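Just the one chain here, laid out as C-alpha coordinates, in the form predicted on its own.
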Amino acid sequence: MKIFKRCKRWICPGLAAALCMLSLSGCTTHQDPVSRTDILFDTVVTITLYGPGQEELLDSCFALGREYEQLFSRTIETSEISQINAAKGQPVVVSDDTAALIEAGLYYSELSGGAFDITIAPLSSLWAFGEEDASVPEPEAIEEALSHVGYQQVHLDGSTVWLDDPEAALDLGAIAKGFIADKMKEYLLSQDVSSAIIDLGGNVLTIGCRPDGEAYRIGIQRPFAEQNELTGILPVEDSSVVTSGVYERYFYEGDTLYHHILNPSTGYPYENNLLSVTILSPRSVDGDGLSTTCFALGLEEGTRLIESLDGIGAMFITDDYEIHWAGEHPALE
(Lines give C-alpha, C1' and ligand atoms only; values in the text may rest on other atoms or scores of the structure.)
Protein backbone atom coordinates (compact mmCIF):
# COMPACT_ATOMS: atom_id res chain seq x y z
CA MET A 1 0.00 0.00 0.00
CA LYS A 2 1.22 3.44 -0.88
CA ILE A 3 2.20 5.56 2.11
CA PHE A 4 0.85 9.11 1.96
CA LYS A 5 3.91 11.08 3.03
CA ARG A 6 3.61 14.41 4.77
CA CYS A 7 5.79 17.47 4.39
CA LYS A 8 8.12 17.91 7.36
CA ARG A 9 8.04 21.70 6.98
CA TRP A 10 5.31 23.23 9.13
CA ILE A 11 3.13 25.75 7.37
CA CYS A 12 0.39 27.61 9.30
CA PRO A 13 -2.88 25.74 8.59
CA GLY A 14 -6.69 26.22 8.17
CA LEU A 15 -10.03 24.36 9.45
CA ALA A 16 -13.23 22.30 8.54
CA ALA A 17 -16.91 22.09 9.49
CA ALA A 18 -16.72 24.73 12.21
CA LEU A 19 -14.81 27.47 10.42
CA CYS A 20 -15.60 30.96 9.32
CA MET A 21 -13.52 33.44 7.38
CA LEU A 22 -12.89 36.69 9.23
CA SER A 23 -12.92 40.03 7.49
CA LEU A 24 -10.08 40.63 5.07
CA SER A 25 -10.68 44.37 4.97
CA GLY A 26 -7.41 44.97 6.76
CA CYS A 27 -5.43 43.99 3.65
CA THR A 28 -3.35 46.89 2.38
CA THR A 29 -3.28 45.72 -1.21
CA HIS A 30 -4.51 46.75 -4.64
CA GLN A 31 -5.41 43.14 -5.48
CA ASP A 32 -9.14 42.89 -4.92
CA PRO A 33 -10.49 39.37 -4.33
CA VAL A 34 -12.76 37.58 -6.77
CA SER A 35 -15.07 35.17 -4.98
CA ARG A 36 -17.90 32.80 -5.84
CA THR A 37 -20.24 30.68 -3.73
CA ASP A 38 -22.27 27.72 -4.99
CA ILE A 39 -23.68 24.40 -3.81
CA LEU A 40 -21.58 21.30 -4.44
CA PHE A 41 -21.63 17.94 -2.60
CA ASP A 42 -24.80 19.15 -0.78
CA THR A 43 -22.82 21.87 0.94
CA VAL A 44 -21.89 25.52 0.48
CA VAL A 45 -18.61 25.96 -1.41
CA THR A 46 -16.77 29.28 -1.59
CA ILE A 47 -13.59 29.94 -3.55
CA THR A 48 -11.76 33.27 -3.32
CA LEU A 49 -8.88 34.25 -5.60
CA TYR A 50 -6.63 37.32 -5.63
CA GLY A 51 -5.27 39.04 -8.70
CA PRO A 52 -6.62 40.23 -12.06
CA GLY A 53 -8.37 38.02 -14.60
CA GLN A 54 -9.45 35.31 -12.15
CA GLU A 55 -13.09 34.78 -13.21
CA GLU A 56 -12.29 32.02 -15.71
CA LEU A 57 -10.27 30.21 -13.06
CA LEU A 58 -13.30 30.24 -10.77
CA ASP A 59 -15.35 28.73 -13.61
CA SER A 60 -12.78 25.97 -13.98
CA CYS A 61 -12.63 25.26 -10.24
CA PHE A 62 -16.38 24.80 -9.93
CA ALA A 63 -16.43 22.70 -13.10
CA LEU A 64 -13.74 20.52 -11.55
CA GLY A 65 -15.80 20.19 -8.38
CA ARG A 66 -18.86 19.10 -10.35
CA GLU A 67 -16.79 16.50 -12.21
CA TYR A 68 -15.58 15.00 -8.95
CA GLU A 69 -19.08 15.03 -7.48
CA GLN A 70 -20.22 12.95 -10.45
CA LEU A 71 -17.43 10.46 -9.72
CA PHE A 72 -17.50 10.24 -5.91
CA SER A 73 -21.09 10.80 -4.77
CA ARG A 74 -22.75 7.78 -3.18
CA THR A 75 -26.21 9.20 -3.95
CA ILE A 76 -25.71 9.87 -7.68
CA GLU A 77 -26.64 6.60 -9.41
CA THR A 78 -24.20 7.08 -12.28
CA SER A 79 -21.16 7.87 -10.10
CA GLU A 80 -18.27 5.43 -10.01
CA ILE A 81 -18.80 4.86 -6.27
CA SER A 82 -22.45 3.97 -6.96
CA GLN A 83 -21.37 1.63 -9.74
CA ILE A 84 -19.05 -0.20 -7.32
CA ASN A 85 -21.84 -0.43 -4.73
CA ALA A 86 -24.32 -1.75 -7.30
CA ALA A 87 -21.91 -4.32 -8.76
CA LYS A 88 -22.65 -6.88 -6.00
CA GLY A 89 -18.98 -7.79 -5.67
CA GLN A 90 -18.13 -7.84 -9.36
CA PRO A 91 -14.99 -5.92 -10.48
CA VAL A 92 -15.50 -2.35 -11.67
CA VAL A 93 -12.92 -0.34 -13.61
CA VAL A 94 -12.78 3.26 -12.36
CA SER A 95 -10.92 6.45 -13.17
CA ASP A 96 -7.46 7.14 -11.77
CA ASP A 97 -8.92 9.79 -9.44
CA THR A 98 -11.51 7.43 -7.97
CA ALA A 99 -8.81 4.79 -7.50
CA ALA A 100 -6.59 7.35 -5.75
CA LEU A 101 -9.44 8.40 -3.44
CA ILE A 102 -10.18 4.77 -2.53
CA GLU A 103 -6.47 4.19 -1.91
CA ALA A 104 -6.39 7.15 0.46
CA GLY A 105 -9.50 5.86 2.22
CA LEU A 106 -7.97 2.41 2.64
CA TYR A 107 -4.80 3.97 4.03
CA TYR A 108 -6.71 5.73 6.81
CA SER A 109 -8.91 2.70 7.41
CA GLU A 110 -5.78 0.65 8.03
CA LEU A 111 -3.99 3.41 9.99
CA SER A 112 -6.94 3.61 12.38
CA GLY A 113 -7.30 -0.14 12.73
CA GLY A 114 -10.80 0.11 11.27
CA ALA A 115 -12.01 2.96 13.50
CA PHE A 116 -12.26 4.90 10.23
CA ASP A 117 -13.86 2.62 7.64
CA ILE A 118 -14.81 3.43 4.05
CA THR A 119 -17.39 0.60 4.00
CA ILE A 120 -19.53 2.40 6.59
CA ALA A 121 -22.29 3.01 4.00
CA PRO A 122 -24.71 0.30 5.23
CA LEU A 123 -24.64 1.91 8.67
CA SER A 124 -24.66 5.57 7.62
CA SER A 125 -27.61 4.90 5.30
CA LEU A 126 -29.47 3.24 8.15
CA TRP A 127 -29.06 6.18 10.55
CA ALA A 128 -30.08 8.76 7.89
CA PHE A 129 -28.48 11.74 9.61
CA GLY A 130 -29.59 15.03 8.07
CA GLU A 131 -33.05 13.74 7.20
CA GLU A 132 -36.15 14.94 9.02
CA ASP A 133 -37.19 11.46 10.08
CA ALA A 134 -33.77 10.44 11.44
CA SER A 135 -34.11 8.12 14.43
CA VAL A 136 -32.25 5.37 16.24
CA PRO A 137 -32.47 2.21 14.11
CA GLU A 138 -33.70 -1.07 15.51
CA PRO A 139 -30.89 -3.18 17.05
CA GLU A 140 -31.54 -5.99 14.57
CA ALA A 141 -31.11 -3.59 11.65
CA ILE A 142 -27.84 -2.31 13.11
CA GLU A 143 -26.53 -5.86 13.52
CA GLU A 144 -27.43 -6.66 9.92
CA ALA A 145 -25.69 -3.52 8.63
CA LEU A 146 -22.62 -4.24 10.76
CA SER A 147 -22.24 -7.64 9.11
CA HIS A 148 -21.46 -5.87 5.83
CA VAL A 149 -18.91 -3.37 7.21
CA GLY A 150 -15.19 -4.06 6.99
CA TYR A 151 -12.59 -2.26 4.88
CA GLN A 152 -10.56 -5.50 4.51
CA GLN A 153 -13.09 -6.70 1.92
CA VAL A 154 -12.24 -3.80 -0.45
CA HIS A 155 -9.74 -4.71 -3.16
CA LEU A 156 -7.97 -2.25 -5.42
CA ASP A 157 -5.78 -3.50 -8.25
CA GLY A 158 -4.67 -0.57 -10.38
CA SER A 159 -7.98 0.95 -11.51
CA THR A 160 -10.09 -2.14 -10.79
CA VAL A 161 -12.16 -2.28 -7.60
CA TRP A 162 -14.25 -5.05 -6.10
CA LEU A 163 -15.85 -5.96 -2.77
CA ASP A 164 -15.86 -9.45 -1.26
CA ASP A 165 -19.34 -8.96 0.21
CA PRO A 166 -22.03 -8.34 -2.45
CA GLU A 167 -24.03 -6.35 0.14
CA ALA A 168 -21.12 -4.13 1.17
CA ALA A 169 -20.99 -0.50 0.02
CA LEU A 170 -18.45 2.33 -0.04
CA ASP A 171 -18.99 5.78 1.47
CA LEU A 172 -16.07 8.13 0.79
CA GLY A 173 -17.84 11.19 2.18
CA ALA A 174 -15.45 11.47 5.13
CA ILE A 175 -12.45 12.00 2.85
CA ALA A 176 -13.70 13.14 -0.57
CA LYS A 177 -13.92 16.88 0.13
CA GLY A 178 -10.30 16.99 1.24
CA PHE A 179 -9.21 15.13 -1.88
CA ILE A 180 -11.17 17.56 -4.09
CA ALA A 181 -9.81 20.63 -2.29
CA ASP A 182 -6.26 19.40 -2.91
CA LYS A 183 -7.06 18.88 -6.60
CA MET A 184 -8.46 22.41 -6.87
CA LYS A 185 -5.34 23.79 -5.23
CA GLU A 186 -3.17 21.76 -7.59
CA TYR A 187 -5.03 23.25 -10.56
CA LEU A 188 -4.78 26.83 -9.28
CA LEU A 189 -1.05 26.47 -8.63
CA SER A 190 -0.64 25.28 -12.22
CA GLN A 191 -2.27 28.57 -13.25
CA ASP A 192 0.25 30.58 -11.20
CA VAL A 193 -2.26 31.57 -8.51
CA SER A 194 -0.29 32.63 -5.45
CA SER A 195 -3.06 33.70 -3.06
CA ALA A 196 -6.43 31.96 -2.65
CA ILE A 197 -8.87 30.37 -0.23
CA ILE A 198 -10.75 27.17 -1.01
CA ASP A 199 -13.62 26.45 1.40
CA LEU A 200 -15.48 23.22 0.66
CA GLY A 201 -18.21 23.35 3.25
CA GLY A 202 -15.73 23.90 6.07
CA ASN A 203 -12.66 22.15 4.64
CA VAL A 204 -10.55 25.29 4.41
CA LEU A 205 -7.42 25.13 2.28
CA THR A 206 -5.31 28.18 1.44
CA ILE A 207 -2.76 29.00 -1.21
CA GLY A 208 0.02 31.21 0.09
CA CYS A 209 -0.92 34.08 2.36
CA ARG A 210 -2.90 37.29 1.96
CA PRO A 211 -1.56 39.62 -0.73
CA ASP A 212 -0.26 41.96 1.99
CA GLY A 213 1.97 39.16 3.30
CA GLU A 214 -0.10 38.43 6.40
CA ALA A 215 -1.58 35.04 7.23
CA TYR A 216 -5.27 34.42 6.65
CA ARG A 217 -7.30 34.35 9.88
CA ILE A 218 -9.81 31.54 10.27
CA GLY A 219 -12.34 31.59 13.10
CA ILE A 220 -13.09 28.26 14.76
CA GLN A 221 -16.70 27.98 15.85
CA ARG A 222 -17.42 27.01 19.43
CA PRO A 223 -19.21 23.62 19.45
CA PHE A 224 -23.02 23.89 19.59
CA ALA A 225 -22.81 27.69 19.66
CA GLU A 226 -24.05 30.25 17.17
CA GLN A 227 -21.90 30.60 14.06
CA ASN A 228 -20.32 33.87 15.20
CA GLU A 229 -19.26 32.52 18.61
CA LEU A 230 -15.66 31.38 18.30
CA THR A 231 -13.35 29.11 20.23
CA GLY A 232 -10.46 31.07 18.76
CA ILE A 233 -8.73 32.22 15.60
CA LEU A 234 -6.01 30.39 13.68
CA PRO A 235 -3.45 32.06 11.42
CA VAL A 236 -3.58 30.19 8.11
CA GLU A 237 -0.88 30.22 5.46
CA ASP A 238 -0.62 27.74 2.57
CA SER A 239 -2.20 24.90 4.46
CA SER A 240 -5.40 23.10 5.51
CA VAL A 241 -7.63 22.94 8.57
CA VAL A 242 -10.35 20.30 8.85
CA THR A 243 -12.69 19.57 11.77
CA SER A 244 -14.85 16.58 12.66
CA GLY A 245 -17.36 17.28 15.41
CA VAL A 246 -20.45 15.82 17.06
CA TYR A 247 -22.41 19.05 16.45
CA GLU A 248 -22.19 18.92 12.64
CA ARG A 249 -25.05 16.42 12.15
CA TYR A 250 -27.03 15.01 15.07
CA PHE A 251 -30.47 14.50 16.54
CA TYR A 252 -31.92 13.92 19.98
CA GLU A 253 -34.05 10.94 20.95
CA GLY A 254 -35.28 11.53 24.45
CA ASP A 255 -32.42 13.22 26.29
CA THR A 256 -29.72 11.42 24.31
CA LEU A 257 -27.77 13.09 21.51
CA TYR A 258 -26.89 10.86 18.56
CA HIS A 259 -24.20 12.25 16.24
CA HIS A 260 -23.04 11.16 12.79
CA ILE A 261 -19.56 9.80 13.60
CA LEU A 262 -20.39 6.10 13.80
CA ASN A 263 -18.33 3.35 15.41
CA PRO A 264 -17.89 0.52 12.86
CA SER A 265 -17.50 -1.93 15.75
CA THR A 266 -20.78 -1.16 17.54
CA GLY A 267 -22.95 0.51 14.89
CA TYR A 268 -23.68 3.41 17.24
CA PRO A 269 -22.09 6.89 17.51
CA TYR A 270 -18.75 7.08 19.29
CA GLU A 271 -18.90 7.92 23.01
CA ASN A 272 -15.50 9.24 24.06
CA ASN A 273 -16.07 12.67 25.68
CA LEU A 274 -14.93 14.52 22.57
CA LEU A 275 -16.83 17.36 20.92
CA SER A 276 -14.47 17.85 17.99
CA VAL A 277 -11.06 17.23 16.49
CA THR A 278 -9.39 19.79 14.23
CA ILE A 279 -6.46 18.75 12.06
CA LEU A 280 -3.84 21.16 10.73
CA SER A 281 -1.96 19.72 7.77
CA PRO A 282 -0.34 20.64 4.46
CA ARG A 283 -2.91 18.53 2.55
CA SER A 284 -6.66 18.62 3.00
CA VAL A 285 -7.12 14.91 2.26
CA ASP A 286 -4.93 14.15 5.29
CA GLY A 287 -6.96 16.59 7.37
CA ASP A 288 -10.16 14.80 6.39
CA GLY A 289 -8.79 11.34 7.09
CA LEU A 290 -7.09 12.26 10.34
CA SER A 291 -9.93 14.34 11.80
CA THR A 292 -12.31 11.38 11.66
CA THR A 293 -9.60 8.91 12.64
CA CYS A 294 -8.48 10.88 15.69
CA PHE A 295 -12.05 11.48 16.80
CA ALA A 296 -12.69 7.75 16.54
CA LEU A 297 -9.51 6.89 18.46
CA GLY A 298 -10.26 9.36 21.27
CA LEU A 299 -8.04 11.89 23.01
CA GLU A 300 -5.23 9.63 24.23
CA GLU A 301 -4.82 7.35 21.22
CA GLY A 302 -5.48 10.22 18.82
CA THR A 303 -2.78 12.31 20.49
CA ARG A 304 -0.29 9.45 20.22
CA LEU A 305 -1.06 9.09 16.53
CA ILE A 306 -0.57 12.80 15.82
CA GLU A 307 2.68 12.86 17.79
CA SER A 308 3.98 10.05 15.55
CA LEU A 309 3.41 12.08 12.35
CA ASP A 310 5.57 14.84 10.88
CA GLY A 311 4.13 18.27 10.12
CA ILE A 312 0.63 17.55 11.51
CA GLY A 313 -1.15 19.31 14.35
CA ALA A 314 -4.42 18.58 16.12
CA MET A 315 -6.76 20.41 18.44
CA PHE A 316 -9.07 18.20 20.51
CA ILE A 317 -12.04 19.79 22.30
CA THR A 318 -13.44 17.64 25.10
CA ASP A 319 -16.99 17.84 26.44
CA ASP A 320 -15.87 20.20 29.21
CA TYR A 321 -14.81 22.58 26.39
CA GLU A 322 -11.14 22.22 27.27
CA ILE A 323 -8.65 22.45 24.37
CA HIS A 324 -5.92 19.82 24.05
CA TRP A 325 -3.16 20.28 21.46
CA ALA A 326 -1.03 17.59 19.85
CA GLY A 327 1.77 17.81 17.28
CA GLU A 328 2.79 21.02 15.54
CA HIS A 329 0.45 23.99 15.60
CA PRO A 330 0.37 27.79 15.55
CA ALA A 331 -0.86 29.83 18.51
CA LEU A 332 -4.64 30.12 18.82
CA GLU A 333 -5.59 33.79 19.00
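Since we're looking at a predicted model, the values are computed, not measured. From 1 onward, residues are counted along the sequence shown.
Another form, the form predicted together with ligand ADP, is not on view; read the next lines as being about it.
- Proximity of 117, 244 and 248 to ligand ADP in the model of the complex is complete: all three residues have a non-hydrogen atom within 4.5 angstroms.
- Exactly one listed residue, out of 163, 197, 145, 174, brings a non-hydrogen atom to within 4.5 Å of ligand ADP in the model of the complex: 174.
- Proximity to ligand ADP in the model of the complex, taken as a non-hydrogen atom within 4.5 angstroms, holds for one residue of 230, 168, 262, 188, which is 262.
- Only one of 153 to 161, 254 to 262, 132 to 140, 205 to 213 lies within 4.5 Å of ligand ADP in the model of the complex by heavy atoms, and it is 254 to 262.
- Ligand ADP is not shown here, and in the model of the complex it never comes within 4.5 Å of any heavy atom of residue 50.
- Shown alone here, residue 276 lies farther than 4.5 Å from ligand ADP in the model of the complex, counting heavy atoms only.
- Under a 4.5 angstroms non-hydrogen atom cutoff, ligand ADP in the model of the complex lacks residue 68 among its neighbouring residues.
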